[in-house]
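Coming up is one lone chain in structure tokens, specifically the form predicted on its own.
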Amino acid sequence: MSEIFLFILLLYALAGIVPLCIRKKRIWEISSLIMGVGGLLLVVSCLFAALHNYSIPVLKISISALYPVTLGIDRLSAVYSVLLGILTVAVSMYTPGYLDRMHGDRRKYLVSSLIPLFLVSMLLVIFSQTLIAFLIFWEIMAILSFFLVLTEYEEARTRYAAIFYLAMTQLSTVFIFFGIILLRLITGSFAYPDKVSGSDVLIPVSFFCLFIGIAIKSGVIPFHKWLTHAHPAAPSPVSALMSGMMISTALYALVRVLTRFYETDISWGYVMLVFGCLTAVLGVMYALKEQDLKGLLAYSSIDNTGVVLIGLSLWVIFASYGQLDIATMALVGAIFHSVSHGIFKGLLFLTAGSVCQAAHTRNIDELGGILVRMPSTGLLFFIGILSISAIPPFSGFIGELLIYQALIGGLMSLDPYAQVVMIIALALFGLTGALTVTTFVKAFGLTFLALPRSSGAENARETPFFMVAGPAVLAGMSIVLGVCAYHILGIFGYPGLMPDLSTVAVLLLITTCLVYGAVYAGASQKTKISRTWDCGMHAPGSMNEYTGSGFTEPVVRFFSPVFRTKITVSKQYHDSFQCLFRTGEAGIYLMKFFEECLYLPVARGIDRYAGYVSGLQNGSVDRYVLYVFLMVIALIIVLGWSS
């Protein structure tokens, strides 16, 4: 069995090497074909391993006895590997058509080469079974994704996004590194630890180092800013993989750390619950006001990371109270939601990429009327929206329902203070769901409906077949995961956690068909062309429609303390009595709170420190001799004091 997984890794590596070595026209189609075959094999083999709960060693390489690099697969890693395989198949179908429409052959070769290598790096992170292996492949994943974000390097905004992402991802690696070193000091080994416990202060420190490292990569607020820069800047297949798979890989790592590495503490659960609620609510609030279509999806990824984090925190809290059934429900809900988020977010990013490429804009205010011009893409985007909005029986509904059930079902077993915390968390969770629906009503309504608001939207045309077929795979999986969730959970050994939605799905389908048939049969078959009611206005155009800002303005105004909205008005008058108006300006300014209050002050502090250190190196030999002399004196004092 391990030979199959080695063969799959070889296929991914081959798909990455082919475009680098062979500069033939449309070589990326061959690369994508090899990658797609690897993804299909991965789905089949990992599904088999997950259903039979196999634990399979794949590879063991030791640089030395101290640094073992071991790869293997168990049920948890098999589940996330299936997700990676499904995304691989979808992206391999979508990418050739997308690259055909890009400019620059070198860029196309590079992207088609780096995508399979990026996928294999994530697969190796999931397969890792030692801390050293995890760290090595985590860093390779970070570097490869940095180069993919830098694809459109001619644009200053892309270079800024890539550098910002590089800084954040390296900060993530630093925290992961410290966490691993501390675990090595605690256990004396680089093997995955097994339920570390005790009163050693290094245990919680190592956990929070790992947690912060993972939180940066998965976009937990306040470490989230890289997503909103990197996702819009990267090509759409890359955005789909970064949001759909890389975030899921980070969440997989958090599940692994929580369920295997430590005997968890209830205080850790409450800390994670605070981060989860903050991330879910603020993520969707920022998504609501975003006018960049890919930026909106990036903020939505932050929101969904918060939802998964809430589920994992509930597992820690209820397990600490001894409520193992409720804790299991929360954990299953978190894992299910992270997997389904990978599916529907990949779907949304791919379809949004098709729209942006066809209309030559990402600005929602410049779109509109796309559904008539790109009906297949519009239908797939709509399925993604139903799923992300947690509408039954789509996959996004399942994980959130399980987390809701855990929140409500376990409430009475907690002490009064914990009940208050849970009720607040429940209210914030509900607010997140309501704002998510509002956000995606805006995204679909202003992008796909009404009249086009730019020449790009006016001239948009449907994408080639395979650019529709790739997202269609993800749309189909989103429906299957939702409709068959009851049976899937039963096969994995968790029967009865939720009702069977297949009956609901069949009833919905029959009802839809009956309504459509009745309307079709009762409607006149004659073609009639007339103007719709226009409220008395003559020939209203696209300028009369809602803009994205106008649609969300009431909500933005209501939550203005969060957005820190500032409305500025300046007026000039011809007379001193301010009666005769001459000119004026007005503006709405939304403060970038975390960027302006957290990132920039830290960056300025580092810049000042670097300037001070640089000033110490002035080239004077006398000053360098003085530094050495002071250091010797300091060493003598310290060593003398310690002796």
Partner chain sequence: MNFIPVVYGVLNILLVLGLAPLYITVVKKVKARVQGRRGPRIIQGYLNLAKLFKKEVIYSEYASFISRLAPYASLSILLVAALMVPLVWVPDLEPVTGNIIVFLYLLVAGRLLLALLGLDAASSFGGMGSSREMSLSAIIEPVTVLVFAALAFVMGSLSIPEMFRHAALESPSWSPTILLLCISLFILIIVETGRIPVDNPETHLELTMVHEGMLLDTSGRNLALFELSHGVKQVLLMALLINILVPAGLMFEFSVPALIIGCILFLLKGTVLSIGIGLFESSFAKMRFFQIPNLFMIAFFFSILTIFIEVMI
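We call the rigid core whatever largest set of C-alpha positions still superposes within 1.5 Å between the two forms. Positions refer to the first chain, counted from 1. Bear in mind that the values here come from a model prediction, so they are computed numbers and not experimental data.
Beyond what is shown, the protein has a form predicted in complex with its partner chain; the following relates to that form.
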{"property": "Interface stretch in the model of the complex with its partner chain - options 235-243, 515-523, 263-271, 335-343, non-hydrogen atom within 4.5 Å", "result": "515-523"}
{"property": "Heavy atom of P204 within 4.5 Å of its partner chain in the model of the complex", "result": "no"}
{"property": "Contact of G433 with its partner chain in the model of the complex (heavy atom, 4.5 Å)", "result": "yes"}
{"property": "R101, heavy atom within 4.5 angstroms of its partner chain in the model of the complex", "result": "no"}
{"property": "Contact of G445 with its partner chain in the model of the complex (heavy atom, 4.5 Å)", "result": "yes"}
{"property": "Among the candidates F175, F147, F466, F551, the residue which, in the model of the complex, approaches its partner chain to within 4.5 Å (heavy atoms)", "result": "F551"}
{"property": "Interface residue in the model of the complex among F208, Y321, Y192, Y404, criterion: non-hydrogen atom within 4.5 angstroms of its partner chain", "result": "Y404"}
{"property": "Triple contact flag G72, L84 and T259 to its partner chain in the model of the complex, non-hydrogen atom at 4.5 angstroms", "result": "no"}
{"property": "Residues of 410-443 having any heavy atom within 4.5 Å of its partner chain in the model of the complex, listed in sequence order", "result": "L411, M412, P416, Q419, V420, I423, L426, A427, G430, L431, G433, A434, L435, V437, T438, V441"}
{"property": "Large Cα move at S199 between the shown form and the other one, threshold 2 Å, rigid core", "result": "no"}
{"property": "Exceeds or equals 2 Å, Cα of A523 between the shown form and the other one, core fit", "result": "yes"}
